[in-house]
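In structure tokens, the next block holds one chain alone, the form predicted on its own.
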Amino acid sequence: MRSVKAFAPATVANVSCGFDILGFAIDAMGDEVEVRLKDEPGLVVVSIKGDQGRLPYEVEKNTCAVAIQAMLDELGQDVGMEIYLKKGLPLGSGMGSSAASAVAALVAANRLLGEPFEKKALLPFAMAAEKVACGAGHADNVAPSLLGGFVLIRDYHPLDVIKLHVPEGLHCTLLHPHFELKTSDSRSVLRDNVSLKHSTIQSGNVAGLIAGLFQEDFELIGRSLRDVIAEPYRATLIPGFYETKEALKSAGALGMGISGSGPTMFALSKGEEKSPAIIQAAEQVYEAIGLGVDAYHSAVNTRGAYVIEEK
């Protein structure tokens, strides 16, 4: 085997009430990375497609290379590898774009080396890449992209990641307005301190969401999609947010929130049949304010990242 290609799905981080501790994977959308062995030691990023020339080729800045290098350092190996990245996710979208690239690269490289690491053990290397991409090594995008489904990051020290139950029939609609919102800008508006009142409300919603997932109680899931910590500040950076939220609720969505740091928004629904009405409602809002919006509908991806091809 000299070459392996892998796919890693897009993700929704935070899931409203679960700031930095919850995320889930989206089916179909994602990034592809091919990793090829080369005779000379060291990593090289050979090709990047779908990024409009914006992503770095430098090994120390590219998330694919950073993730693989972290894995090789842990193994104590200096293997030569070429990296070919095909972006399927828009940059700065709030869909876990940098995470998907890093995860796909790791899954491919790990298989190429004979899988010295179990899938879950790749997480710290993906988090190292996230730190380079956005300044913080959070796992709420990389964990669901790698493992699939809904994921809870209970703690970071030590890392404690738990897969949650996904109710059958739970679907997601993603809405991506036509503008870019940098993660750094989205984080800059957040407050350093949280009141006891808001902490209590947020804790109740996190517990309610997790209980709703395991009990397959869709109404409870919807009631729990409430964020009083990040959304009130981040929503001001997304034109049409509150109008869209109201319209989607009327269209049958269980609830709506910001995907990651935005500007993409997500809406959960029971069954896919409500998706056309949800998408139409969002498109009407953005047409009224003169801004384009891309809409995607998907079941929750329970598989996570996987190998597409090896040769």
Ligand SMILES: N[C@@H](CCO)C(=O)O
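Every value quoted in this text rests on a predicted model; they were computed, and no experiment measured them. Sequential numbering from 1, following the sequence displayed.
One more form of this protein, predicted together with this ligand, exists but is not displayed; see below.
Engineer: Check the shown form for clashes with this ligand: superpose the C-alphas around the site so the partner sits as in the predicted bound form, and report blocked if 3 or more ligand atoms are within 2.4 Å of backbone or C-beta atoms, open if none are.
Structural biologist: After the site C-alphas are aligned, the pocket of the shown chain is open to the transferred ligand.
Engineer: Residue 187: heavy atom within 4.5 Å of this ligand in the predicted bound form?
Structural biologist: So residue 187 counts as contacting this ligand.
Engineer: Does residue 138 reach this ligand in the predicted bound form, with heavy atoms at most 4.5 Å apart?
Structural biologist: Residue-level check for residue 138: yes, a contact with this ligand.
Engineer: If we define contact as a non-hydrogen atom of the residue within 4.5 angstroms of the partner, is residue 287 a contact of this ligand in the predicted bound form?
Structural biologist: Although this ligand is absent here, residue 287 would stay clear of it in the predicted bound form, with no heavy atoms inside 4.5 Å.
Engineer: Is there a heavy atom of residue 261 no more than 4.5 Å from a heavy atom of this ligand in the predicted bound form?
Structural biologist: Within the cut-off, so yes.
Engineer: Partner absent here, but in the predicted bound form, which of 111-119, 67-75, 212-220, 139-147 has residues with a heavy atom within 4.5 Å of this ligand?
Structural biologist: Heavy-atom contact with the partner occurs in 139-147.
Engineer: Who in 199-234 is close to this ligand in the predicted bound form, meaning a heavy atom within 4.5 Å?
Structural biologist: Only a single residue, 234, comes within 4.5 Å of the partner.
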